[in-house]
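In structure tokens, the next block holds one chain alone, the form predicted alone.
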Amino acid sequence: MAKVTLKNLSHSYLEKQNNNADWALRDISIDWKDSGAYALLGPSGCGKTTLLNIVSGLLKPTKGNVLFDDKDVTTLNPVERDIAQIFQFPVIYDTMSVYDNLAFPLKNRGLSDGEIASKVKEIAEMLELTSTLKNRASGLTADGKQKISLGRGLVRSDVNVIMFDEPLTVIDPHLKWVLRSKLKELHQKINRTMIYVTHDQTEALTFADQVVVMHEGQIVQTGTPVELFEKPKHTFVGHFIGSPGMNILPCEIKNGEVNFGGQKISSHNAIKKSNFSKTQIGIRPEFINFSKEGIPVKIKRVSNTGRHKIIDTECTGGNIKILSNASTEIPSGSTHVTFNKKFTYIYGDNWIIE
């Protein structure tokens, strides 16, 4: 197990870099504590897999350093770093039995047959593979094969970091919840540093104690699932996390007062002055209520999702989504809404104004 530190990390796949778009990663600095469970979350192309490959040693960064327990490992290969990496698609030996697949990393390290049998049994029980240990891996379903990949990464006790690169992509949707919960349970049992890459917010928020949200090659926020939901530091975080995402609405700031659609809005963060090219209000649909006074809106559509209703409205300042309980009676036609001040934030050039 190890603490992982990234210092001033940047990477480009191009020989020359003329602007920000030429960088896959820009100015990444972060500490991941020993034994923590972390997720790298973001859309395709944001740089999360590049960052994972740099940590693992599959890729050398253009700039910056990677440290394990304060030792610089930037130039070391994956074997020298003692890492385990589980990829998007199963990496197994089809001609071997499930047992031999799980035992293979341990045999390579010279463990005794007794030690190997004990560790394989432990991991097989955790992943519910015990009944298939004698079977050839080629006969398993896709989720069974991916369990083997997970097991091969988890079976070693000498690894510094275990890394997962979207490991549930090939898993049937109804089995994803089971494996997500199993990974969380495994982390609590084996207590090793784990880094999990995904574009799926549910996977990230279920697995990780700390989620690192990436956007266009940068880290825009690191926090607990609750922190990311309740106080997004960047408009992208607000938009990307949540279903539906945060309402991001244009506003004007004059003399410290926030104006939206001709209405004065109270916000959680006080605004003393504004020298931004763009200012916006961020408010999640969960924290908007219907009222007799407030912002005039016109209801355009109501979508019933079972437990909740998503209400699409429009007003002078733009379109607003509201999330309410299924039992809530929705006004028809025109009405008013108010924003919960505690969860209303003002952003300047996409960043929260502190």
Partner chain sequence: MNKTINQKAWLFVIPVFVLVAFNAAIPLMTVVNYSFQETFGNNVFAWEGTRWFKQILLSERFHAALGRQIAFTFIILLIQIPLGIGIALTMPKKGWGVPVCLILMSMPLLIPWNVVGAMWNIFALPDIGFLGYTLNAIGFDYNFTQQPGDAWFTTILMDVWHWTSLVVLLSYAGLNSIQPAYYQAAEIDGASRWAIFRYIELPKMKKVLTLAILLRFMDSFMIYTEPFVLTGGGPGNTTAFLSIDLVKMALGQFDLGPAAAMSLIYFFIVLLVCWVFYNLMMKNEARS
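All figures in this text were calculated on a predicted structure; none of them were measured in a lab. Positions refer to the first chain, counted from 1.
There is another form of this protein, the form predicted together with the partner chain, and it is not shown here; the text below is about that form.
- Of the candidate stretches 248-256, 106-114, 263-271, 124-132, only 106-114 contains residues with a heavy atom within 4.5 Å of the partner chain in the predicted complex.
- The candidate spot formed by 14, 30 and 63 is out of contact with the partner chain in the predicted complex: none of the three has a heavy atom within 4.5 Å.
- The partner chain is not drawn, but in the predicted complex it has no heavy atom within 4.5 Å of residue 213.
- At the 4.5 Å threshold, heavy atoms of residue 89 reach the partner chain in the predicted complex.
- Although the partner is absent here, residue 156 is a contact residue: one of its heavy atoms lies within 4.5 angstroms of the partner chain in the predicted complex.
- For residue 136, a non-hydrogen atom is located within 4.5 Å of the partner chain in the predicted complex, even though that partner is not displayed.
- A heavy atom within 4.5 Å of the partner chain in the predicted complex is found for one listed residue only; from 83, 195, 120, 281, this is 83.
- For the candidate set 73, 96, 220, 190, a heavy atom within 4.5 Å of the partner chain in the predicted complex is found for exactly one residue, namely 96.
- Of all the residues from 47-63, the single one having a non-hydrogen atom no more than 4.5 Å from the partner chain in the predicted complex is 58.
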